[in-house]
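Single chain ahead, by itself, as structure tokens, in the form predicted on its own.
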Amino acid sequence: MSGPTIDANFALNIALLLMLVAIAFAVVRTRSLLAAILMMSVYSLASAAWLMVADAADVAFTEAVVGAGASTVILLGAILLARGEAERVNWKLMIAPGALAVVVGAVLIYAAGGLPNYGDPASPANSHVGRAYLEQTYGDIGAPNVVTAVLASYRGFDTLGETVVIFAACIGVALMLGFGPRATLAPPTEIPNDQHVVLRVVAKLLIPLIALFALYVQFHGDLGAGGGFQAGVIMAVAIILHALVFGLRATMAAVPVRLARTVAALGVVVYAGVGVVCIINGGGFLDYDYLFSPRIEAMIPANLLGDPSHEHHWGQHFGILFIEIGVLLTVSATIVTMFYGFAGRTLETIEAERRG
């Protein structure tokens, strides 16, 4: 007589959730900022694994590259402006916030009991909006990846707002932190010949590959997981890796601060410019079907995407491509600008400014 069976997928979900709870508890308990940042990076990786189990590949991809990648590097640069350990807080002051967090958590758990079962085809999301996207996307947009069609076309206004928010973060960091005295230093005349030769050689091999992978993720967004947000982070990681290995001044000489800020603004201009062109051609803002005039659209070869039998929506294809390029430019330049803002200042430079 066989005993009760346990679904492997359910067991994996429980294991990942327990791991997330344990890591979150460790982050709260530690006083070392460095340890907290590293554990938060592990938390992001575990979250990405959990999202993959939940079949949310695009969200998992974003969590991995943003949470475990770029955020970790920026936070490591930010602790240069702070102490190595957090200050001790009187535990009595944490009673009220802790009680409030428990109450809110209990309410959320109670509300979650009224949600439909995971993957239920009769749920409102799957039987109405989700089904409409799955049934109409290929005919309306022509993009094989429904997620890309939703984010870049159906919800193009929302994605534009997200891009503007990222650009606003770039402006905020530039206004609050500046770029420190290092930003005005002359670039080094040559790379010193020290014990880090192996590291430099490996970095020279990896940086072009990382940039190439960023372009692959960018142009693969129509077919699978990827797009401008993920590609922008990966491209920024390549530049940040150059700064970590070859020094901040060398990287600022290759990618100047002014260039990074200009590219961040250019990405928003490219995104919004696509909508303006659609209006000029007689359509609505970000209505990609009016991106090309009928005469220009007729000049595009039918087999450009390898499927001449399918009725292609060239305005949709190129509109999504152009706005994703705008997102790539803004995201990558914003992350590089934020890294410059944090890494360009240290406790020593701040104290020197105060003494001056």
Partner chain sequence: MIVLETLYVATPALTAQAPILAIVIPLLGACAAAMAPSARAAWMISVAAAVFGAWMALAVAGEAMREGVLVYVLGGFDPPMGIALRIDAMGALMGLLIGSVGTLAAVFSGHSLVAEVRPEKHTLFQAGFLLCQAGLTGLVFTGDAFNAFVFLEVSSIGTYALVAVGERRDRRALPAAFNYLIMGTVGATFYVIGVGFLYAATGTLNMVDMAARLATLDQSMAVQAGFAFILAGLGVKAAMFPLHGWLPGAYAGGPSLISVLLAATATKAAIYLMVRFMFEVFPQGAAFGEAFLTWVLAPLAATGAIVCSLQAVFARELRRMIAFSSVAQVGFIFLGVSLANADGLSASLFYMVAHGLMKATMFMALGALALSIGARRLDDFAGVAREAPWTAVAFAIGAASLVGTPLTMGFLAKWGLIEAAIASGKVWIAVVIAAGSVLTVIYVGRMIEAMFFRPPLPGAPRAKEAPIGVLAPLLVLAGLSIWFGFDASLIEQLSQAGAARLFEVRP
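Positions refer to the first chain, counted from 1. The structure presented is a predicted model; accordingly, all values stated were derived computationally and were not measured.
Note that the form predicted together with its partner chain isn't included here; everything after this is about it.
Interface residue remark: Thr251 is not counted as part of the site for its partner chain in the model of the complex, having no heavy atom within 4.5 Å. Looking at Ile141, you'd find a heavy atom of it within 4.5 angstroms of its partner chain in the model of the complex. The closest heavy atom approach of Pro116 to its partner chain in the model of the complex falls within 4.5 Å. Taking non-hydrogen atoms only, Gly283 approaches its partner chain to within 4.5 angstroms in the model of the complex. Taken together, Ala211, Tyr216 and Ser293 are entirely out of contact with its partner chain in the model of the complex: none brings a heavy atom within 4.5 Å.
Taking its partner chain as it sits in the model of the complex, the stretch 32-62 never comes within 4.5 angstroms of it through any non-hydrogen atom.
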